[in-house]
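We begin with a single chain expressed as structure tokens, specifically the form predicted on its own.
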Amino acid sequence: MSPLFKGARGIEFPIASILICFNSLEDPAVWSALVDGLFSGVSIGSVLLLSALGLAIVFGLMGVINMAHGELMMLGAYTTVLVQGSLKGTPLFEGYIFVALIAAFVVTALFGLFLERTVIRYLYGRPLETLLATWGVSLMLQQFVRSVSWQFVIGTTIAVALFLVASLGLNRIPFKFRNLSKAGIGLVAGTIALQVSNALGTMYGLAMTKPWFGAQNQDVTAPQWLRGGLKLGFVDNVQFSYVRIFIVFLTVICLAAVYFFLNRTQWGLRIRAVTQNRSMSSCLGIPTDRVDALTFAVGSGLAGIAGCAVSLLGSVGPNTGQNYIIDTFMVVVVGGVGNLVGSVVAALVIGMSSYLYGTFAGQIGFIQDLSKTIGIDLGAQTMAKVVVFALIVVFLQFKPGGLFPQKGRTVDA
């Protein structure tokens, strides 16, 4: 064994153990494993980066801890399911993914705008409150996709319409009684809507009350041109999935679009200005309330695109967003809050580390010995995320600002 692969006490580094398992670098299996590991790590990192782009804007630039970000991804995934179902059997089906990407961005951006205008705008500068409020929104969205039906949609539409119509006359009521009047109007509108929706449910039965999606997962079928994979001539037994290649390219396009938007457009420059110094930006005539709404809408729309891409990797369910929210926050924090370059590096490092550890850790000698000592299989696939997160915690003890911490006025803002 070369001294280059020896630690201070003669302990072999993991890379040495990995190479020994394949006998030598000249073995084609070594190159196949390395190429497959590199591509798989990049593809996983691309998924994490795509899901983290929206959060990097909302959390990094606005300081809002949005626990509903995963559910915004879920909305984008369910939008993809609806677009796929509506275009199935038509000549447009082979290109439905592009329609779904646009629809997912629009739907989640509009919902994000609604969320910012009704909840988030009252909680700026109060991170704990935003965390609790958006966590509640995430639970509501999960239950919404489980129970939404025609009866629910019609009842909600009637309630909102009655409330808006009745609210037109609130200006005639003294100001001190308006909040009480709104509560009364909402109660009456909700009661009427509930009675009407129940009557419709009784009249039409299952057709009206059956949930659109339910608690079960929904499958997304990739277009024909995204099925299969690409094989390279210089490596054996390695196939690059077309779906993952598509996600890598989609991530690059979204990253370039976000960079261009933030650095080359008028509204992007306004977002950066408000981020660095809100009071000065307001004095210079920048509409900070519109900037906040636009920022949250764009971040939410990017989450919808991420959900559309993630739906190609597996079935879609109410808990889809929960599978990515923690990893997404880790990418933003490790990379450096509000730093796109840091998010890219962190996503690739976390993605590749998780895959390589889960694939090769069980073959490394000192990990096997340590597993026997403590009685826990540290080389198991399920331990990869635990070990990576533990290393992140240790890393943040030394660099709490992440790989690329904020500097200058942004820190003080």
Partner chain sequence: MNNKFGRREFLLFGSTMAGSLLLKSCATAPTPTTGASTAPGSSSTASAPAAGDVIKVGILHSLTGTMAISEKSVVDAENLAIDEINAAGGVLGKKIQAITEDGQSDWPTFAEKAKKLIDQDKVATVFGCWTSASRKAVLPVFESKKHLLWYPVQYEGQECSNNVFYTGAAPNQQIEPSVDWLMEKYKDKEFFLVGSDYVFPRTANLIIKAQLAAKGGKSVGEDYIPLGVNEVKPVIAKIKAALPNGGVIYNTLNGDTNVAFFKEMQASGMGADKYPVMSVSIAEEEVQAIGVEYLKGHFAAWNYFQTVENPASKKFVAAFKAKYGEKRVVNDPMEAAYIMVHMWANAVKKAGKADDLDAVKKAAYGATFDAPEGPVTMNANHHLSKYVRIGEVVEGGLFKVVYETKEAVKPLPWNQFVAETKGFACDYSDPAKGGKFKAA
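A quick note: this is a predicted structure, and the numbers were derived from the prediction, not measured. Numbering follows the first chain given and starts at 1. C-alpha atoms forming the largest set that superposes within 1.5 Å between two forms make up the rigid core.
FYI, the form predicted in complex with the partner chain isn't displayed, but the following is about it.
**Student:** Exactly one residue in I253, V165, L194, V106 has a non-hydrogen atom within 4.5 Å of the partner chain in the predicted complex; which is it?
**Tutor:** Partner contact (heavy atom, 4.5 Å) among the options: L194.
**Student:** Can you pick the one in L92, L269, A215, L284 that has a heavy atom within 4.5 Å of the partner chain in the predicted complex?
**Tutor:** It is A215 that has a heavy atom within 4.5 Å of the partner.
**Student:** Contact between G155 and the partner chain in the predicted complex at 4.5 Å, heavy atoms?
**Tutor:** Close contact exists here: in the predicted complex, G155 approaches the partner chain to within 4.5 Å, heavy atoms only.
**Student:** If you check in the predicted complex, is S311 within 4.5 Å of the partner chain, heavy atoms only?
**Tutor:** Contact with the partner chain, yes.
**Student:** Examine G169 and determine whether its closest non-hydrogen atom to the partner chain in the predicted complex is within 4.5 angstroms.
**Tutor:** Output for G169 is no: heavy atoms all beyond 4.5 Å of the partner chain.
**Student:** Can Y122 be called a contact residue for the partner chain in the predicted complex at 4.5 Å between heavy atoms?
**Tutor:** It does: once the partner chain is placed as it appears in the predicted complex, Y122 has a heavy atom within 4.5 Å of it.
**Student:** Taking the partner as it appears in the predicted complex, which of 98-106, 207-215, 256-264, 299-307 has residues with heavy atoms within 4.5 Å of the partner chain?
**Tutor:** After filtering at 4.5 Å, what remains is 207-215.
**Student:** Take the rigid core as the frame of reference and indicate whether the C-alpha of T118 shifts by 2 Å or more between this form and the one not shown.
**Tutor:** No, the C-alpha position differs by under 2 Å between this form and the one not shown.
**Student:** Checking G190 here: with the core superposed, does its CA move 2 Å or more between this form and the one not shown?
**Tutor:** Yes; that C-alpha moves by at least 2 Å between this form and the one not shown.
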